[in-house]
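Just the one chain here, laid out as structure tokens, in the form predicted alone.
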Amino acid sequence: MSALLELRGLNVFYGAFHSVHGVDISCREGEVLSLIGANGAGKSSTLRAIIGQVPRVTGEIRFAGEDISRRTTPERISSGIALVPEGRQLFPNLTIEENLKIGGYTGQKGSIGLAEVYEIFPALSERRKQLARLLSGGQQQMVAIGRALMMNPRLLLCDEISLGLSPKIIAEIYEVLPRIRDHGVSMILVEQDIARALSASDHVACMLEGRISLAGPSSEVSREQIAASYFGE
């Protein structure tokens, strides 16, 4: 499998604060990569850099063989990258279906439309005319993922999709990830739940204080290696 996304020496700055330091990671076509680490490790900043939502970046971001470091966020979305943001960021006074259609307007053309999203998340189909603000947290997260899928991405960036949800809902969301991959979508998952991150991914990269402290196949890294890399022991 070829590399769909490559970060080479990525640095992220917020004013004088240096958030991400020289990160090198890649995500192959058809792969799920888990990006783990404690709060403040630089995981979300890395995703925002990929989609073009940080103030200043140095280094190289290559997607599908092209350097996209200087492209705008809409240009990156059009090229096939979509973000499921932390906190969902839905339009609360629009219905489920209206929120989903916004993704269809902003992304690229492809095989994923409303029917496919409703097939992945049947609960949304049953409530398609309900306002987003009246949904449970789990249902809102499904809408946020569905909206991103409506952009027909080649790469889906998922920022803390389990945050604040019950174990039952988290399990339901993670159960559909293989079905999303079946649509030809590669994924990068930012996750603090180490066990879930490992079980859902092909490769894992751990961040500590803005740097990659461990990277490798999810099936080959040990608990001891992860603990040392996660907490800097």
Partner chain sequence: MTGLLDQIIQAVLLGGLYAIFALGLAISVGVLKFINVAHGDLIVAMSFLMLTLTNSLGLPVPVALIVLIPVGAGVGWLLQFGLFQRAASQNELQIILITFGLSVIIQNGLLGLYGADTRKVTAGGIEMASINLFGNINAGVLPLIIFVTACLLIVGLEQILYRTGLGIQIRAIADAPAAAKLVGLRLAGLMAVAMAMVGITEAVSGGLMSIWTNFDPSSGSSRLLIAFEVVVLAGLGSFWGVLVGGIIIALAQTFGGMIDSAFQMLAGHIVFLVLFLFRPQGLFPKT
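Since the model is a prediction, treat every value here as computed from it, not as a measurement. Positions refer to the first chain, counted from 1.
What comes next is about the form predicted together with its partner chain, which does not appear here.
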Which one, 135-143, 155-163, 116-124, 94-102, holds residues whose non-hydrogen atoms are within 4.5 Å of its partner chain in the model of the complex? 94-102
State the residue from 69, 26, 53, 192 whose non-hydrogen atoms include one within 4.5 Å of its partner chain in the model of the complex. 53
At the 4.5 Å heavy atom threshold, is residue 80 in contact with its partner chain in the model of the complex? no
Please run the contact check for residue 111 against its partner chain in the model of the complex: heavy atoms, 4.5 angstroms, yes or no? no
Residue-level question: is residue 130 within 4.5 Å of its partner chain in the model of the complex, judged on heavy atoms? no
Do residue 150 and its partner chain share at least one heavy atom pair within 4.5 Å in the model of the complex? no
Under the 4.5 Å heavy atom criterion, name the residues of 60-74 that approach its partner chain in the model of the complex, in sequence order. 73, 74
